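Only one chain is shown below, in structure tokens, and it's the form predicted on its own.
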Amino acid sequence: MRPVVDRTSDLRRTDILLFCTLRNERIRLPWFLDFYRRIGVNHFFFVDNDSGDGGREYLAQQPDVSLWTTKASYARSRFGVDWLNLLLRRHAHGHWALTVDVDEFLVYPFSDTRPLRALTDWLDTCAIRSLGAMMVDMYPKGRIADARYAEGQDPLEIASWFDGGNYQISRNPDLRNLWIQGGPRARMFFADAPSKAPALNKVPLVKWHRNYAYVSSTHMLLPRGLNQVYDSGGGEKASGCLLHAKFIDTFEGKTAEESQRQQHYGREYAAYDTQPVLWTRWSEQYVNWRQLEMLGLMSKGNWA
């Protein structure tokens, strides 16, 4: 992994940081950067895995981006986790750090009226070190291939539907993290083996310490206390949702590329070779975070 542009000397002690790996996602970058800038991210850390679509050159021109690139195997880096853990260890100590994919958009309590710093300040006041977020797969009403995406567009304009239910949840006694599965991917791509469906539980926002490390994507961390983002006493802790805008017209090309490269979880991308319509008459159209709270997919806890 070598630096393309390193602007970490510009970091301030109070900056909120974002970490992301990507490959050939140029078309998504303008909206992604705009979205997270607007909610309050101060500096972006990207690891580019040998893109050939101009995305690396685009990111290098952004004044609030530090960028590294590598041709190494995504799979052998534990799907990018090793690359991000290295950058988090070097640069995120003492900062609130948000780790997301380029197609994930964080919604948190009061996110329509309060910046991310209001949330992190409250978490600091409550001595809470991490925020959990359920990944909610978003999809169009018709065929995925017909959801035509234009650069700079909010992907939720064309993929605004999601499953309001159909989720299973359990607790991992070893690392104390929740394990959530279900939604459209489970019912359409993994109906014959729901236990193999992708995990939807994530811990994307952490007050980072150099001794922390992600174990498997952002599904779980060490030390394991960071994974207990739920109230074990019967109440509720504040949580968010990651709106996952994977299912737009770029999906078919990405599926074909990643199936050929064999750098992702094999069963998942093999299942994506067929692309049925994900929408059903029970689908919910996204409105705001309060809707997600009413459906039980996130909570404001005791943050008023």
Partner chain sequence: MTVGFIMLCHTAFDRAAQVARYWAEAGSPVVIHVDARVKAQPFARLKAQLADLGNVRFSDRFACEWGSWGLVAATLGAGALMLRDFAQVDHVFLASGACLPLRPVADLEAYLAARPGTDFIESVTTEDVGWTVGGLDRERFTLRFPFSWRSQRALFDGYVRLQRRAGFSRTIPAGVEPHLGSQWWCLTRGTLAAILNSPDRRVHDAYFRRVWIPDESYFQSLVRRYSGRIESRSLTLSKFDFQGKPHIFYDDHLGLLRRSDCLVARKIWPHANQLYKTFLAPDGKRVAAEPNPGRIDKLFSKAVDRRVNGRPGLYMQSRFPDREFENGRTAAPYSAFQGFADVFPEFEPWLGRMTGGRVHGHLFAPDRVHFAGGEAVFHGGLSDSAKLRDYNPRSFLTSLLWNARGERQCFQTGPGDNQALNEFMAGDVNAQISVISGAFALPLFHSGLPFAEVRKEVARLQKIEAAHLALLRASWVKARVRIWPLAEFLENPMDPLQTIVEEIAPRLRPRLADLPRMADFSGFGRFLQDLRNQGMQPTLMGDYPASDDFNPGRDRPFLVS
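Numbering follows the first chain given and starts at 1. In this text, all values refer to a predicted model and were calculated from it rather than measured experimentally.
The form predicted in complex with its partner chain is left out here; the points below concern that form.
- Among His91, Lys141, Arg187, Arg78, the residue placing a heavy atom within 4.5 Å of its partner chain in the model of the complex is Arg187.
- Ser66 falls outside the set of residues with a heavy atom inside 4.5 Å of its partner chain in the model of the complex.
- With a 4.5 Å cutoff on heavy atoms, Glu293 counts as touching its partner chain in the model of the complex.
- Interface residue remark: Gly240 is counted as part of the site for its partner chain in the model of the complex, having a heavy atom within 4.5 Å.
- In the model of the complex, no heavy atom of Leu205 sits within 4.5 Å of its partner chain.
- Comparing 149 to 157, 207 to 215, 168 to 176, 91 to 99 against its partner chain in the model of the complex, the single stretch with non-hydrogen atoms within 4.5 angstroms of it is 168 to 176.
- Within 4.5 Å of its partner chain in the model of the complex, a heavy atom is found for every one of Thr113, Tyr230 and Trp303.
- Contact residues in stretch 181 to 197 (any heavy atom within 4.5 Å of its partner chain, taken in the model of the complex) are Gln181, Ala186, Arg187, Phe190, Ala191, Asp192, Pro194, Ser195.
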